[in-house]
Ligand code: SAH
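Just one chain is shown here, as structure tokens, and it is the form predicted alone.
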């Protein structure tokens, strides 16, 4: 689906912005970059800013006009930060991402068009777009860097794509040992901990076995609702072990032996 979505940069003046846009695209899984009459490209500045996304720069299509860049497109959306005299269908970035993925999912070709750093897209260029996309930035400082604008729309495209593919937006990558450690403790492990805890409380004289009252019951309720993991339980058991040693003076004996 994402292969049907192209990013079109019109008359970009600074090659670093082309590299930054390529990086933003690769972060979000987009790969098709079309450059309309760039002022300076290829460029080492673009490669440096791409930061590992030079493959997108290498595969970039360079054309002379916006018309060439849009050949075969079924849906064209152009970014605009300014109000235009002629009202045009307007989308926010989230709607843009959803529309792009819906069209691409049906096999259509989609173009996300970005204008010049200093002036954006001309009225004539915007009229070649089916929709205008406005990023709702702070009106007192509304101008976005070109690569930042690409990042915003590319992110919304990815979120819409993940939803369409029924993929989670949050993934947790853990090593097998870390996964094991994050598992909750079992009932028998918890019972062993309560026995250990009670022993430690008796050792430090916080709990009187002859008058236990409801201390252990309250502690059971406390730990029972805390969803303790195996790793956390190991930490707690280690603390209890050292507490018992300290209460028995074993640490003091060890210090004398070290001396």
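As the structure is a computational prediction, the values presented were derived from the model and not from experiment. Positions refer to the first chain, counted from 1.
Separately, the form predicted in complex with S-adenosyl-L-homocysteine (SAH) exists; it is not shown, and the next lines address it.
Contact annotation for residue 104: none of its heavy atoms lies within 4.5 Å of S-adenosyl-L-homocysteine (SAH) in the model of the complex.
The closest non-hydrogen atom of residue 160 lies beyond 4.5 Å of S-adenosyl-L-homocysteine (SAH) in the model of the complex. Taking non-hydrogen atoms only, residue 99 never approaches S-adenosyl-L-homocysteine (SAH) to within 4.5 angstroms in the model of the complex. At the 4.5 Å threshold, heavy atoms of residue 144 reach S-adenosyl-L-homocysteine (SAH) in the model of the complex. With S-adenosyl-L-homocysteine (SAH) omitted here, the record of contacts in the model of the complex names 117 to 125 of 182 to 190, 117 to 125, 67 to 75, 160 to 168, defined by a heavy atom within 4.5 Å.
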